[in-house]
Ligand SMILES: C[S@@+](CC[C@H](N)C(=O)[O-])C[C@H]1O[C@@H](n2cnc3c(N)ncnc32)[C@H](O)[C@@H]1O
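In the form predicted alone, a lone chain appears below as structure tokens.
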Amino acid sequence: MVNAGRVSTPDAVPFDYDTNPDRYLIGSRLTKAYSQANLYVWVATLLERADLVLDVGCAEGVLREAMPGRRVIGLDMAMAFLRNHPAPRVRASAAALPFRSNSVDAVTALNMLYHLADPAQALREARRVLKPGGVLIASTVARTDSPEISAYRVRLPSPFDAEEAPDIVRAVFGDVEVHTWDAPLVTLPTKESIREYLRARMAGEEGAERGARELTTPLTVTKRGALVVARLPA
């Protein structure tokens, strides 16, 4: 975005999980029910050799659920979710991790860095707490995600969209692996599921009701995003 001849920093996506936890929970439930892909199972597979994982932005423990029997520490700022995450868990900011340097094998930041005005600071903290040979995995959505519902919500650029995320991570970690997706991965079978999907994607009540009324079922939604993997030298 351009303002008075200067490029301005996009605003962070509002963090409303303590005040409106149902929005996230609805989205999580819809993803489990109607998505053809599972991000958390994929990440768990990538981290099968990590002994201790710090899940930054853990919510209620979706990644922990995908890693049974593994050592996962949940970290979040939203108490509405954190109290439901199995121990160990800690309430803290991604920009100031309360862990010693070189203390964990992997750090995940899945669909959460867009909530931060300065995601690079959180990435620097992640690098600090990683052991030599440690792994960072960050994911985010593209600005053009879910184009089938674009007429019913406003999706502004964020500080950590898929279009720029690899370069942001690369600036902190160096070489990265980038995995992108652009595919029809969600099928919403009913008007009510469309209404709830729109509510979860911050369409507001008016947008959700209009979308449920105007869109036909089943509605196939195209998901676009990126998973960025960075590995420290051993």
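When you see a residue number, it is the position in the sequence shown, counting from 1. Note that the structure is a prediction, hence the values are computed from the model and not measured.
Omitted from view is the form predicted together with this ligand, to which the following refers.
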| item | value |
| --- | --- |
| Proximity to this ligand in the predicted bound form, single hit among A120, A142, M77, I73 (heavy atom within 4.5 Å) | M77 |
| N111 within 4.5 Å of this ligand in the predicted bound form, heavy atoms | yes |
| Proximity of S93 to this ligand in the predicted bound form, heavy atoms at 4.5 Å | yes |
| Distance check, R153 to this ligand in the predicted bound form, heavy atom within 4.5 Å | no |
| Proximity of L116 to this ligand in the predicted bound form, heavy atoms at 4.5 Å | yes |
| Complete contact of Y24, A59 and V62 with this ligand in the predicted bound form (any heavy atom, 4.5 Å) | yes |
| Answer range among 160-168, 93-101, 125-133, 145-153 for contact with this ligand, defined in the predicted bound form as heavy atoms within 4.5 Å | 93-101 |
| Those residues of 10-39 which, in the predicted bound form, come within 4.5 Å of this ligand by heavy atom | F15, Y17, Y24 |
